[in-house]
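Given next, in structure tokens, is a single chain: the form predicted alone.
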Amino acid sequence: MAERIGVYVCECGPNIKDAMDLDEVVTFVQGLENVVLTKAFGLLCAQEGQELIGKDIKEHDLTRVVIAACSPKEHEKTFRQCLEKAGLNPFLLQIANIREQCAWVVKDKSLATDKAKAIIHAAVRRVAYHEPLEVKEIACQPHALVVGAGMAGISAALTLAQKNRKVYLVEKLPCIGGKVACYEDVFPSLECASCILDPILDEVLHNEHIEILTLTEVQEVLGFYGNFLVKVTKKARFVDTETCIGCGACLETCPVTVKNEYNEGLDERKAIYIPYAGALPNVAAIDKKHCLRWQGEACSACREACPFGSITYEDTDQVRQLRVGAIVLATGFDLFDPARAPQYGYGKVEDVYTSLEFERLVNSTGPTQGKIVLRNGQVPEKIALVHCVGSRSGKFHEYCSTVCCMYLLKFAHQVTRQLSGVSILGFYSDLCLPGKEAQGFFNKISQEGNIQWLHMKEPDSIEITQADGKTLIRFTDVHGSPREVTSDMVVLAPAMEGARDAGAMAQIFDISQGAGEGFFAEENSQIAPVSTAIEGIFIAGCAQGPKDIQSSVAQGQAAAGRILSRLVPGEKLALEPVTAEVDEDLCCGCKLCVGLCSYKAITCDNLKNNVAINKVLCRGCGTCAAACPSGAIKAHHFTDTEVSEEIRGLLRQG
């Protein structure tokens, strides 16, 4: 039976009506094969226009509809809903874009009229071969997994933690809070970091919908959006978290000392330790790698010292299976290792520090209780702050890390506040001051202390060496002239990179990383910055790229919002109906499509020697269908026939 196609041409105010001869277009369309109804209307997307289409579908028994109007990006969903209300499958619709692709770009009225005819002709030929598609639903888990308990992860977890939803907050360290917990102040307000963070951490710790899993790492991820099965390993703490109150009695008796990674190696800690004063949860943990009991010795000093009997040497690692509907990766960042660039003297010149080392040095819970001193214990009289270490350099990272200028300004304030007579040198090639408060912050800090700004020609136009007991800094200034100064202490601002274990995490979660910098790759940097190519796996904070605390919090909430909008407790998850399908009889098992699928939706059945497509993961991009050498893959709604007929219509054939 022949199709009954209705074609509706939208005037779109003057946008389309004034750009072409609509009467000529309508007359042309009326003569096309299978077209039984053609109408022009002022504004089809308006309620009156939608009601007209719905009424005509019923009265004229239309089997297909073409809307000649604006971009399908704007109103395809609107018109699909219109068809569905009228009892017609919403995929028996084709949008002919005669506004953006014709009226707005073709200035000659006659040429625009001819082009509009061709676009509509193509849509009419194509829509005759459309197949009715069904939107299927699957049961899903409303629960969520957040990996990383820094600012982005915590903000995501708190946003997700709602009635009938459980959030698993996984953190590989013994405490939560991320790197912000190690800061003394935060820019640009110069507020106490712990004063801001502690109430949030307390809220997380006591939220009945959030289960915190510290000392825990993800091992395996199976499944798809709405139904992920995640295997995690929770490492033994060897301390009972219910009875330990963090009194520190066990720490005092432990005979083993090792470098303290929480103070960036600037001091030492015991084999049983609390990461830092104020760490939450405030519970000790035993470092199995360095504890004498696991080195073959019969030490039990910490157990004997504990007044609460909290030491449990019998603990073992626990493997758990978590069923969740979506995942947020908020694994944070690490710093570029300045030792990779010997010119900065890091690791060779005694008083050269990274920014994180200085954060701990100036922190009241740090190795010197917040006193700014050199490694020999003396107070520095001159401190150099060096911008862009490993950043904005073709040799290492071309990108700007966005926060370095601001935190070096914060350091200048902290130095001036503590050491009133100190001289500060700021080495920079450019300054990055984003945000509405940044310039005011720069002006304030520049005026409050003895700061001398030294403008370098390039970000890496500098060399730091030791000479006569002083730190010698040679650099090329902005005019190309060589200069040199001395300083007692140097603080470097290294580039921010993705977390050191980001590569392993990317493999576990089957997502991509950016080139060279280690951050996870977003689906689209403009319109989907927290999404990944794998549906249901989101990224937030510095796991996605360099950013400040405000932006990290916002991204954590944005990722949570994406999840909340689709994973609703008690409701099923609607699947994308425009997917691909494999004809097993034609498939030769070459597996070419498996490697090309960005969404990891194609798997290979070695027994049958063919591939299968997971309809839950498939986004219908069509890459597999285009690449298949045997023509075994069919892309629904973009079949070879539909596309071929559309091309013939554009060429005005038939």
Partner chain sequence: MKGFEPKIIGFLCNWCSYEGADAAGRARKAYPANLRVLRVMCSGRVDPQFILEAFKEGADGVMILGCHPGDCHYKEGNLQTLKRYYVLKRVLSTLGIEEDRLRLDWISAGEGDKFVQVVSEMTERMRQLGPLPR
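Residue numbers count along the first chain shown, from 1. Superpose the two forms; the largest set of C-alphas matching within 1.5 Å is the rigid core. Keep in mind that what you see is a predicted model, and the values were worked out from it rather than measured.
One more form of this protein, predicted together with its partner chain, exists but is not displayed; see below.
Only one of Val373, Val568, Ala118, Ala249 gets a heavy atom within 4.5 Å of its partner chain in the predicted bound form. Which one?
Only one option qualifies, and that one is Ala118.
Which of these residues, Cys192, Val105, Ala139, Val319, gets a heavy atom within 4.5 Å of its partner chain in the predicted bound form?
Checking each option against its partner chain in the predicted bound form, the one that comes within 4.5 Å is Val105.
In the predicted bound form, which of the stretches 95-103, 481-489, 414-422, 441-449 has residues with heavy atoms within 4.5 Å of its partner chain?
Selected stretch: 95-103.
Can you tell me if Arg4 lies within 4.5 angstroms of its partner chain in the predicted bound form, counting non-hydrogen atoms only?
Because no heavy atom of Arg4 falls inside 4.5 Å of its partner chain in the predicted bound form, the answer is no.
Taking its partner chain as it sits in the predicted bound form, is Ser598 in contact with it (heavy atom to heavy atom, 4.5 Å or less)?
Although its partner chain is absent here, Ser598 would touch it in the predicted bound form, with heavy atoms inside 4.5 Å.
Please run the contact check for Ser525 against its partner chain in the predicted bound form: heavy atoms, 4.5 angstroms, yes or no?
Ser525: no contact with its partner chain in the predicted bound form.
Does the 4.5 Å heavy atom contact test between Ala504 and its partner chain in the predicted bound form come out positive?
No, Ala504 is distant from the partner.
At a 4.5 angstroms cut-off on non-hydrogen atoms, which residues of 611-640 are near its partner chain in the predicted bound form? List them in order.
Residues within 4.5 Å: Arg619, Gly620, Cys621, Gly622, Thr623, Ala625, Ala626, Ala627, Ala635, Phe638, Thr639, Asp640.
Does Ala112 shift between this form and the one not shown by 2 angstroms or more at the C-alpha, the core having been superposed?
Shift at Ala112: 2 Å or more after core fit.
Does Thr214 shift between this form and the one not shown by 2 angstroms or more at the C-alpha, the core having been superposed?
Not so; Thr214 is displaced by less than 2 Å.
A 3 angstroms or greater change in CA distance between Arg320 and Tyr599 is reported in the predicted bound form. Closer or farther than in this form?
Result: closer.
Which is it in the predicted bound form for the CA atoms of Val232 and Tyr599, closer or farther than here, knowing they shift by 3 Å or more?
Relative to the shown form, the pair is closer.
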